[in-house]
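One chain comes next, on its own, written out as structure tokens in the form predicted alone.
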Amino acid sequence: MRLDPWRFLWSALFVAGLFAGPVVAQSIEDKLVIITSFPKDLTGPFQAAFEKKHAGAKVEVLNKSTSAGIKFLEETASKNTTDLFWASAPDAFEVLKGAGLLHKYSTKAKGIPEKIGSYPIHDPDGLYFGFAASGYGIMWNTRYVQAKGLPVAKEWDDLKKPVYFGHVAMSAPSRSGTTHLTVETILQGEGWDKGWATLKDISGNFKTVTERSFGVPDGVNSGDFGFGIVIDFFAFSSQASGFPVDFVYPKVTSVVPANIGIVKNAPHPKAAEAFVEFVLSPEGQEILLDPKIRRLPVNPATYSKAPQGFPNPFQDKSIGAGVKFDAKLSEQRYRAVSALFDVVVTYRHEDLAKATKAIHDAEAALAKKPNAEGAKLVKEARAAVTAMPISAAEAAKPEFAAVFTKTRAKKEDKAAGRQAEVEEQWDSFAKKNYADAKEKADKARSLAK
């Protein structure tokens, strides 16, 4: 029997089509592993929508603080089991980039500008991608403020004032990437010495330093304290949930992207790429407007669906205009800054608060009964509180940054080697200075009697 060549060709194409169909349908793996510092309120809606869009794909979310996530990826690099790293801090991604732990990828997403303000939304080398924007500022409980008769603090300098003693909280930057960005933003906006002076003057007024970033908005929401230094979306989501809170961006702040990046040697690369595309897609961007999330989209078109009064950094150029954030600089001193804050603030907070209260009391007494020697002592006391054991240049040296290999989850945890030596020197410096400051402030107050 003679075969019809055309009939044979069409049959072959039909069979090929049958086999090609399932290949396209099964274009991504059935599993995806994400390490993230984001709470379930954010990851949950994305996870559910992605799994619905890609039937059969199961997303596994491992929640770790930003610093713990970095450490995990470094320790497991030789046998990586993670597909995506998803967090707020661009400097954290710079740490991973510098360590060669991210995979290069070219996103197909459309409609996302090159920059937000002066800051690139995506890494120019294609190693991580901005999916939301974030600013840093002050959140407060309106009922608490009214009940306590407190003024509203709108700038960082406001929170230094005696009236806020015991009414403020912040998380530790070593355990919160968003808080680390806030600290670094103030250091870059005001300079190393003035920035640390601002941070320590505010920290002296803290009621507490929380272990995780969400402990701050939870405390403001409940009225445990009145003011919290937070990333913006904590306040916006609390407002959407009905809590009596408000938020302001101080002049010295920045708006930078929150990011996602594919981990080098990801075990499920196609699923990782698909998730990146999803969070950058119009559908994914719209999820950011969920009342429990309330983050700033990086696609300007999404703001047309935002609730009334929702901040739009693409239109309101004043948001984050005060600081041109340098992620490279932040990356260079990332671990040193976190360790330094823990040693001189987190683990010496009681001593710092006592010195700060003594200074407040002395200034109040001297305002009623001026005394030249007392004024001189108060000035010396303030200088002792705000003094720092290292300079900006020292903190940014690569060999110095390499010293800090351990993140201490609590004061009792011990570092080893050179890190332990450095931190012990810092601790002795802080302990002595805070004691000297309290002694001088107490003496100044006695001179005003």
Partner chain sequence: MIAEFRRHPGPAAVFFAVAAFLVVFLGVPVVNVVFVAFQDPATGAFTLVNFEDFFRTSLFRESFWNSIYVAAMTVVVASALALPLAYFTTRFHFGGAAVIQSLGVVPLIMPPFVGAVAMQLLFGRNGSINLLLDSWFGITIPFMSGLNGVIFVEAIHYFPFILLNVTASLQIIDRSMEESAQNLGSSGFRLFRRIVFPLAMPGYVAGASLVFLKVFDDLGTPLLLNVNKLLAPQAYLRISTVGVTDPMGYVISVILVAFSLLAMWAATLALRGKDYATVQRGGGGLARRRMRPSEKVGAYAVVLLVLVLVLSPHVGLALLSFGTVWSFSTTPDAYTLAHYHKIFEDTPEFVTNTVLYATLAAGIDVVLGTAIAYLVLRTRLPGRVWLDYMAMGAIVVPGLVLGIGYLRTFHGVEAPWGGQPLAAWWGILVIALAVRRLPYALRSCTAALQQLSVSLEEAAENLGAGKLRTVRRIVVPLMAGGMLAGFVTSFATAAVELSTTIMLVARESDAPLSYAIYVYMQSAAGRGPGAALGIVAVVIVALGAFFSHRVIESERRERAVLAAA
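Between two forms, the rigid core is the largest collection of C-alphas that superpose within 1.5 Å. Numbering follows the first chain given and starts at 1. Computed from a predicted model, the values in this text were never measured in an experiment.
One more form of this protein exists, namely the form predicted in complex with its partner chain; it is left out here, but the text below deals with it.
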**OP:** Decide if the three candidate residues S65, F72 and K148 all line its partner chain in the predicted complex, where lining means a heavy atom within 4.5 Å.
**Re:** yes
**OP:** Evaluate S222 for contact with its partner chain in the predicted complex, applying a 4.5 angstroms cut-off between non-hydrogen atoms, and reply yes or no.
**Re:** yes
Subject >> 4.5 angstroms heavy atom contact with its partner chain in the predicted complex for A395 >> reply: no
Original post:
Even though its partner chain is not shown here, does I28 get within 4.5 Å of it in the predicted complex, heavy atoms only?
Top reply: no
Original post:
Contact between E211 and its partner chain in the predicted complex at 4.5 Å, heavy atoms?
Top reply: yes
Subject >> Heavy atom within 4.5 Å of its partner chain in the predicted complex - residue from H122, K160, K207, H268 >> reply: K207
Original post:
What is the one choice in E363, E190, D201, D218 with a heavy atom within 4.5 Å of its partner chain in the predicted complex?
Top reply: D218
Subject >> Per-stretch contact check against its partner chain in the predicted complex, the hit in 370 to 378, 85 to 93, 101 to 109, 268 to 276 (non-hydrogen atom, 4.5 angstroms) >> reply: 85 to 93
Original post:
Listed by sequence position, which residues of 150 to 170 have a non-hydrogen atom within 4.5 angstroms of its partner chain in the predicted complex?
Top reply: G166, H167
**OP:** Please say whether, between the shown form and the other one, the C-alpha of D83 moves by 2 Å or more once the core is aligned.
**Re:** yes
Original post:
Does the C-alpha of N265 move 2 Å or more between the shown form and the other one once the rigid core is lined up?
Top reply: yes
Original post:
For A68, is the C-alpha shift between the shown form and the other one 2 Å or more after core superposition?
Top reply: yes
